[in-house]
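Below you'll find only one chain, the form predicted alone, shown as structure tokens.
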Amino acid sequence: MNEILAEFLRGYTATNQWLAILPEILLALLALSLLAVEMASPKAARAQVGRVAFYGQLFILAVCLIGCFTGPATTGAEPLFSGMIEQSGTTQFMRVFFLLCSLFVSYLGGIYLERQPLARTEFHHLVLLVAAGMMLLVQSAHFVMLFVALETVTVAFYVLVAYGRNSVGSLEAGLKYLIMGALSSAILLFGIVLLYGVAGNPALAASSSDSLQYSALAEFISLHDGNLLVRLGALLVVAGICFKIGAVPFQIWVPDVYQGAPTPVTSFLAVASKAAGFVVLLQLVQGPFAGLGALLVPVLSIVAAVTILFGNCAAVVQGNLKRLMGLSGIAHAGYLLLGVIAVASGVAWAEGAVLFYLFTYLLGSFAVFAVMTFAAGTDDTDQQISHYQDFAKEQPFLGGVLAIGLGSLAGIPPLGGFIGKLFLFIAAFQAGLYGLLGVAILGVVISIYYYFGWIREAFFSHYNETVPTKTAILPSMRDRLLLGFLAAASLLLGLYPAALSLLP
């Protein structure tokens, strides 16, 4: 019996290469160390926790980049931990992506917390846990791993969204996100259970004892793509992910949660959470659900078209800027679905277009949310477009960054967002999605109206009476360097898109 157990453990632990997930381990250790610093340090020294979190993440980012460039080249998916996770070039890219997101959120969080009587250590602790969870989520190759990582991220977001406990709007947003998040998790789990049950049925061909493994499930679905339970399970899983990315008809939570959450948390939801959902969706349509293209392509096409039109049309009439960013984020989810559908239709390089778009979306979104963080008053939920009247005259540097960020999100050349949309549109054209491409172009035209309405408010006076504006925090030299990086990177990727290939 001992020999059998020893043989089992040797086989199970043979692929447990802990150094392969070193960045995630370091993030968890840093999160725990922040709590230790909170308990052991005098009260006066606790204000430095934000700096410890920021520079700690900067060090982990350097470790991740060094490991990517000096480690063995990853040409395909490399299974680890008995097939629970797989690492590839895409997952390495996304690890860097999420670390950049958490760095920006920690930095903006420090600015937000300076004006709020809220605990600082717990905020940075949760941001680190979310980043580690997302990094593991995109490496999942097993539905158990996917669900555990996803719930780790979601539960932490429940707290972050409601972190402004002195604000009724933040508490309301936290409750709404909790209800909708629980509903989406239930739908996702129900779909996983259906797939687990049908793929584990020994009466069917290619049944497996581990039917939650992506590779085993892919083989089963390819032989039973017409099975009703298989189709229903796959649709429920996709529906659960559509909640996370904010696609119609699962987008109802987005405007309220984006408005009520602290602005740094809103940026985290808008960029990192959306990106994690799309990478998981890409992995599913290329992995276990690859045999269901005839079902998923038309369903996702309808979802993408309605998502683009709803997000853009609803954003046109918005006066609250956080709600506007939420609704525009819904439209961006529709654009990104074009790339996913193109991949499912056989355009393999469209995955790269999705990743490029996500990176340009990171730069543009964080540039806008950073300016909003500086410009916000004590009531973080009340950010109206009228507050930005003559903003560029009072804050020329912040006004310039805002214009570049909004221009990139709108897809105006020569900024990175234009190239990102161009790549997605070319992929959709090659996939034969002509009707969907027409809807996407119409959506871009509509989006220019509300993005440029914000820019007009900031740069040009057109009111007869004076509207009181909020006093923005003057950015320090360090702030200017960070914001300048976001603006310059957006311009660089527009002029030289190949610069992104320097990342792993």
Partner chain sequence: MTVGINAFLLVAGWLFAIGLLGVLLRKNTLVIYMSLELMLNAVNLALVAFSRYNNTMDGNLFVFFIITVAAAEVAVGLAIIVALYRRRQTVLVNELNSLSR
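Keep in mind that this is a model prediction, so the values were computed, not measured. Positions refer to the first chain, counted from 1.
Missing here is the form predicted together with the partner chain; even so, the following discussion is about that form.
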Next on the checklist: Can you work out whether residue 187 and the partner chain are in contact in the predicted bound form, taking contact to mean some heavy atom pair no more than 4.5 Å apart?
Outcome noted: yes
Checklist entry - Does the partner chain come within 4.5 Å of any heavy atom of residue 260 in the predicted bound form? => result yes
Checklist entry - Quick one: does residue 147 come within 4.5 Å of the partner chain in the predicted bound form, counting heavy atoms only? => result yes
Checklist entry - Does residue 172 reach the partner chain in the predicted bound form if we count a contact as any heavy atom within 4.5 Å? => result yes
Checklist entry - For the chain shown here without its partner, which stretch in 283-291, 263-271, 148-156, 112-120 has non-hydrogen atoms within 4.5 angstroms of the partner chain in the predicted bound form? => result 148-156
Checklist outcome for this item: Partner-free chain; cross-checking the partner chain in the predicted bound form, the single residue of 125, 224, 323, 387 with a heavy atom within 4.5 Å is 323
Item to check | Residues within stretch 262-294 having a non-hydrogen atom within 4.5 Å of the partner chain in the predicted bound form | outcome: none
